[in-house]
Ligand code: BES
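First comes one chain, alone, set out as structure tokens in the form predicted on its own.
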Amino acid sequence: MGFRIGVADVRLTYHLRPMYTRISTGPSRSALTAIPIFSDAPALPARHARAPGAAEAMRTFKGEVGETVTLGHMMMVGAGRRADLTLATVRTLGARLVRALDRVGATAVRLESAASLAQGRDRRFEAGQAFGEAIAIANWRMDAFDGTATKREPRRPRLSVDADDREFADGMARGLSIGASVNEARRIAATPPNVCTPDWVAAQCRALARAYGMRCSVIPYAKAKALGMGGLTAVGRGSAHKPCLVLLEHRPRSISRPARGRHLVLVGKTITYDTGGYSLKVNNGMKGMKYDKCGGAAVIGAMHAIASLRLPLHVTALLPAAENMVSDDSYRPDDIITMHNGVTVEVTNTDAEGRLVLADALSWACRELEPTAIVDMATLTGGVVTALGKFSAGYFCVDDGLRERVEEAARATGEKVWQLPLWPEHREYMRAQHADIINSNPSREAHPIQGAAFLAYFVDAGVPWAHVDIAGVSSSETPSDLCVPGPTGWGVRLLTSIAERMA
């Protein structure tokens, strides 16, 4: 079964490699054999030890993670110290391996001794999934907008991957599928604002629904206004491309026993471009604001994964999509707007727009969808970047059960989260002089918490809810083992894992 790999907008010479158009699982007669070698136990399997040049290569091979030496149809791959083996190691190895395969022009590879990359026999599937995810995610670039002056070579048509352990190979196939969903999120995130408008987002969701048997519907601007969605309509009304709320529903015929009666709702901030509005961004601060839709892109990617994996759980995604522009009809600081649930908001900062569109979506979800859990994801605050850097997302959750699922999913996927407090005092901190609440306190105190405290006014008491602020992890300006510069697709694997744990 093949999985089409998505595409990253980079201009670094290091990343001008062709890479692969398609990666699939399955045996191939022409496969290159890749063999993991541990630095603290450097040894080749007996049948390969006598290969020409093997003894000499082993004398200089250090076994560092991702280090490779190719001898004919054999590639030695460093796996680091066996004692240090983790899923993060496996992901790094997979990412570096796919780039090494591209460099030597390989079209097929078979991983031998694959079980050695698992922390115990019962974790071979898990290790295979991590390996497959890494291969898919590392094999990504944004070339959809390459023109006649591009220096990039065409992609290689295909890479076939296989493993000598069945459980590892099955996990690898699943990992490739999830990795393709991550890359779908990256494709949407990297699409420029002259293409990606709220209507374009809706069209992408409709296409996804048709392809995977989901339902898609759209609440357009006029209806949103009639429904009292004052936040969504205020943020987007200054743009020629009016806002909308997109609903994407995965409702399989068969629901697992643990998932019966459960309804997971995912909400993603989908600001297709953010100028800051009348609180205009300065000092080139607008550059990269196409990534302000990364929360929504992650939710779309997660729905892609949930549907393609056919998870037996009812899941609905809400994507409040808007473009925050400046015009004679834009909302202003000092405006007072009434939200979907009747809460009035005094606008202090039009660049704190994401929480306004999320708030209407959260309120509508509580009123119309009867959720048993809500997780929202957003590039919400610069404060969370100051607090946690590029190392972790910040999250807020006061429900013990949902908090446990979020943290379990973070450990499993390697998408790190760190809980920040959300106390009644924080909610009171958002009180306004002339309305119920303000959308941003002029003080920078508790800055990342302000967004969560604001959103808490729009989630019904008793509904388990988690808010995940991905402002620091959603994109990167420097390359890593897994990702080229650009959007990372962060959150797709986390949300998918949360859904799996509920199913």
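Start at 1 with the first residue shown and count on from there. What you are looking at is a predicted structure, and each value in this text was computed from that prediction instead of being measured.
Keep in mind that the form predicted in complex with this ligand is not shown, yet the notes after this line are about it.
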Leu380, heavy atom within 4.5 angstroms of this ligand in the model of the complex: yes
Close approach of Asn349 to this ligand in the model of the complex, 4.5 Å, heavy atom: yes
This ligand contact in the model of the complex: His48, any heavy atom under 4.5 Å: no
Contact label in the model of the complex: Glu133 to this ligand, heavy atom within 4.5 Å: no
Heavy atom within 4.5 Å of this ligand in the model of the complex - residue from Asp360, Glu323, Glu415, Asp292: Asp292
In the model of the complex, segment of 407-415, 176-184, 109-117, 274-282 with a heavy atom within 4.5 Å of this ligand: 274-282
His340, Arg431 and Ala456 each touching this ligand in the model of the complex (heavy atom, 4.5 Å): no
Members of 430-450 lying within 4.5 angstroms of this ligand, judged by heavy atom, in the model of the complex: Ser440, Arg444, His447
